[in-house]
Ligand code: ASP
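Below sits a lone chain in structure tokens, taken as the form predicted on its own.
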């Protein structure tokens, strides 16, 4: 059960020799759990405890903390995603709106949560998702450094207008680009096609690419959660030698309105699997073709006249561009919830 704890910890600057020091920007931390809080044996540190253990934050920001949840990343749900995005929107609209947001999160599904927030949270204030590869009481725990750097990036002027990002191991990644590519190494996160977005160096925060519109324009979220109903079922189908129709047919029978194919090469599948996917499209299922290689683009071959003429709710096949299967699933789920036509869905996958 989600628990909301009102902003509990504020770290501010001390008085200057003459008068008060300038008011530091506010950063709001939403703690969700994960390895960064894990002490083993089902014991976890709270967000308050994580922040209190990093005194250096007091020189960077006024940090407020909210215990949104305290679970492993595999226990994060789509309902929690929706609630998290809505909570950020409420904070953005409230008094003393934070200059930035930090989400502490388990690493296993971090890229999915970050991408969902990137698609559903607008505004100028950046959202940083961070965590740890080593649990909180381990020798060489990386959580404190990641959390400190996430707050540094959240208040960096150059971070404004960049939406949701992931901060791990001193590296900053765009939510669309990042993936966890190793099970346990400290440098587990990468962006195979786009590369790192920037770095949290000891002396400054550096970005390698300019912010959209130079950071001067607030982002408009591609999807407005207030207008979306329940998220439709979208399943990932893995292609491999010997793959048959069983997984596709089972997903359709379970009510899937969308399928994402983790295809071989540039999105290929076996003949039997391909025939099952065509039958699914005939039943109104939208199929997004991704790949299982870990990088590389799968295109739609251009938006054809046939896609343009298809109404919302019609089956179709679209390419997922460079999105991996788990991210393609999120975008397809939101697009179907918004009742987009297949041609519009195809275009969405190409928008960076």
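Positions refer to the first chain, counted from 1. Model, not experiment: these values are computed from the prediction.
Beyond the structure shown, there is the form predicted in complex with aspartic acid (ASP), which is absent from this document and is the topic of what follows.
Novice: Considering aspartic acid (ASP) in the predicted bound form, which of 106, 267, 123, 198 comes within 4.5 Å of it through any heavy atom?
Specialist: Answer to the contact question: 106.
Novice: Which residue, 132, 84, 248, 165, has a heavy atom that falls within 4.5 Å of aspartic acid (ASP) in the predicted bound form?
Specialist: Contact with aspartic acid (ASP) in the predicted bound form is made by 132 alone.
Novice: Any of the heavy atoms of residue 180 lying within 4.5 Å of aspartic acid (ASP) in the predicted bound form?
Specialist: Within the cut-off, so yes.
Novice: Residue 35 near aspartic acid (ASP) in the predicted bound form, any heavy atom under 4.5 Å?
Specialist: Looking in the predicted bound form, residue contacts with aspartic acid (ASP) include residue 35, since a heavy atom lies within 4.5 Å.
Novice: Mark residue 73 yes when one of its heavy atoms lies within 4.5 Å of a heavy atom of aspartic acid (ASP) in the predicted bound form, and no otherwise.
Specialist: Judged by the heavy-atom cut-off of 4.5 Å, residue 73 is in contact with aspartic acid (ASP) in the predicted bound form.
Novice: Looking at heavy atoms inside 4.5 Å, which stretch does aspartic acid (ASP) contact in the predicted bound form, given the options 65-73, 287-295, 49-57, 318-326?
Specialist: Residues of 65-73 come within 4.5 Å of the partner.
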